[in-house]
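Given next, in structure tokens, is a single chain: the form predicted on its own.
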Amino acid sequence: MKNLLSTIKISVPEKIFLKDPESSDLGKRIIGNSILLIDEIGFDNFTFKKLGAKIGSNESSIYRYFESKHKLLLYLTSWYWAWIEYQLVFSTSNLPNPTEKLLKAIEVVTRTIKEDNDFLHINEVKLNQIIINEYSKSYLTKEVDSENKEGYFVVYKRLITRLRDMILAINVDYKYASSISSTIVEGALHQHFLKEHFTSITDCNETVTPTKFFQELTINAIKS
């Protein structure tokens, strides 16, 4: 899978950016360092001025790639979900058994993230922490409906649709395939957050992973 992934460009909806950051060394430094800075200080405290100081470039140079920090967050989250989607596709493509395929897919979208050396300018572990802590800020806005129409969330929705189709392949009559698929993706982020910060209100810990929880929850639900 790693050899296949290394030849693939992770695709993000083009309307999110003004200039493709993957097209230049500066763009890659903007992406890589924005991940490090947001992870360090949080998205609310993050500014292009601070990012410019970190990468040794003018703030105006960053605006040539993204019109706002909100668009940059949309880029980072879309890249993350596209990266997860590629892993899901390659991990499940040769699994003929529908249940085995679904369990593997749930593992991919819920597991603890490890750094992927195929994308040297992106720290996937820190990006995952940003997704856990900040992802909701990309869509809990007044502009969410118009941005959805523009296709900004197409990768995220496509990932959930893949899970839904795997569930229906096991039980075509299951009524809540879309709802449980989105619950797996969003719920995994929440359980990882609880496991780190609010341990008294989750059963997930070092031995009970979010993956185990959502695999059991899903299989019991769709086969009942």
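No experiment lies behind these values; they were computed from the predicted model shown. All residue numbers refer to positions in the sequence shown, first residue = 1.
Unshown form predicted in complex with another copy of the chain; subsequent notes refer to it.
task = Select, from the options 108 to 116, 91 to 99, 127 to 135, 78 to 86, the stretch whose residues sit within 4.5 angstroms of another copy of the chain in the predicted bound form by heavy atom distance.
result = Checking each option against the 4.5 Å cut-off leaves 127 to 135.
task = Name the residue from Ile160, Leu51, Ile31, Ile170 that puts a heavy atom within 4.5 Å of another copy of the chain in the predicted bound form.
result = Comparing distances to another copy of the chain in the predicted bound form, the residue within 4.5 Å is Ile160.
message = I'd like to know if Val208 sits close to another copy of the chain in the predicted bound form, meaning any non-hydrogen atom pair within 4.5 angstroms.
response = Contact with another copy of the chain, yes.
ask   = With a 4.5 Å heavy atom cut-off, would you call Asp20 a contact of another copy of the chain in the predicted bound form?
value = Although another copy of the chain is absent here, Asp20 would stay clear of it in the predicted bound form, with no heavy atoms inside 4.5 Å.
request  = Report whether the minimum heavy atom distance between Tyr63 and another copy of the chain in the predicted bound form is within 4.5 Å.
outcome  = Residue-level check for Tyr63: no, no contact with another copy of the chain.
query = Is there any non-hydrogen atom of Arg164 lying within 4.5 Å of another copy of the chain in the predicted bound form?
reply = Flag for Arg164 set to yes.
request  = Heavy atoms within 4.5 Å of another copy of the chain in the predicted bound form is the criterion; list the residues of 156 to 191 that meet it.
outcome  = Residues within 4.5 Å: Tyr156, Lys157, Ile160, Thr161, Arg164, Tyr174, Lys175, Tyr176, Ala177, Ser178, Ser179, Ile180, Ser182, Thr183, Glu186, His190, Gln191.
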